[in-house]
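Below you'll find only one chain, the form predicted on its own, shown as structure tokens.
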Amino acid sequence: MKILFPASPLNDRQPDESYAEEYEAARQSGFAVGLIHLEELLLNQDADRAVRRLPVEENPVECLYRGWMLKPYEYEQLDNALRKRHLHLMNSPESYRHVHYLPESYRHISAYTPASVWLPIREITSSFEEVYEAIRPFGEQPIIVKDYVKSRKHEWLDACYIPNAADREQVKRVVQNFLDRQGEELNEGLVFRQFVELEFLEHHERSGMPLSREIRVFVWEGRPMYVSTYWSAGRDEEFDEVLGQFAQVMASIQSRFFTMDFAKAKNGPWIVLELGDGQTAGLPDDADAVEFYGNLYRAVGGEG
């Protein structure tokens, strides 16, 4: 398997500074590595130029992308360009979309995750009546707003958290802030989720966002490949004991490589927060990249 990283915008023969450590760790772990000039794809919509420095393989080679999040249509363009070089992304465009957009995979995790509703952006008018109707089942419960992929959780009180779903003025203020600040980065539509109070750790020093007891699990072909606390690298022994309870739902996800993020509800069970494509999900702060890529190398069938 070959792992493809973003190239530096200043020198497409070197990895992007943000992925330099991972690039070297992957290489040391035994993977073949390559570089993609993502600016050609994202800014110029030229996927062929983005992959031009990758050699054309004589036989099909499976590859894995490790880099910034891509919109599904961008991922598909990248996949098509790579196939011309006999390189095949290990997650198909359909699999990427399945775990990238919460509404696509919600049915698989609905028993383990906060209640959620969503609205495509094309269905939302300036009156916000569609929004008020969509969130009516939440009553006066607190909710959060995000798009199909991301929230603005670091702007917790302004563009994420709504204390009372029945307070139309508050709903409109927070949702409008979210829409304005996402701008062209908005992914497909709005998702409203029941707010579940989580086991508290501390408040973020700049945003005021509550940081909670969270875990990120990288899953390779239905089985956990790398498990770490979310806000900084480490293990949570209590979570390790319950991880096996989620084996069935992990196996049901239509992706070969994805992340499943968990959190501990206050005075309650561990819940699933969301899924993500394993190729674009970040490692926790202070994570050991060598350990991560060593685990991945063994998972894909390498020695070691």
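Keep in mind the model is a prediction, meaning the values are calculated, not measured. The first residue of the shown sequence is 1; numbering continues from there.
The next section is about a form of this same protein that is not shown, the form predicted in complex with a small molecule.
Taking the small molecule as it sits in the model of the complex, is V217 in contact with it (heavy atom to heavy atom, 4.5 Å or less)?
No.
Considering non-hydrogen atoms and a 4.5 Å limit, does the small molecule approach K153 in the model of the complex?
K153 belongs to the contact set for the small molecule.
Should K146 be counted as a contact of the small molecule in the model of the complex, where contact means heavy atoms within 4.5 Å?
Taking the distances in the model of the complex, the answer for K146 is yes, it comes within 4.5 Å of the small molecule.
Heavy atom to heavy atom, is L41 within 4.5 Å of the small molecule in the model of the complex?
Result no; L41 lies far from the small molecule in the model of the complex.
Partner absent here, but in the model of the complex, which of 195-203, 123-131, 104-112, 87-95 has residues with a heavy atom within 4.5 Å of the small molecule?
In short, 195-203.
Of the residues C63, I36, M250, L273, which one places a heavy atom within 4.5 Å of the small molecule in the model of the complex?
Of the listed residues, the single hit is L273.
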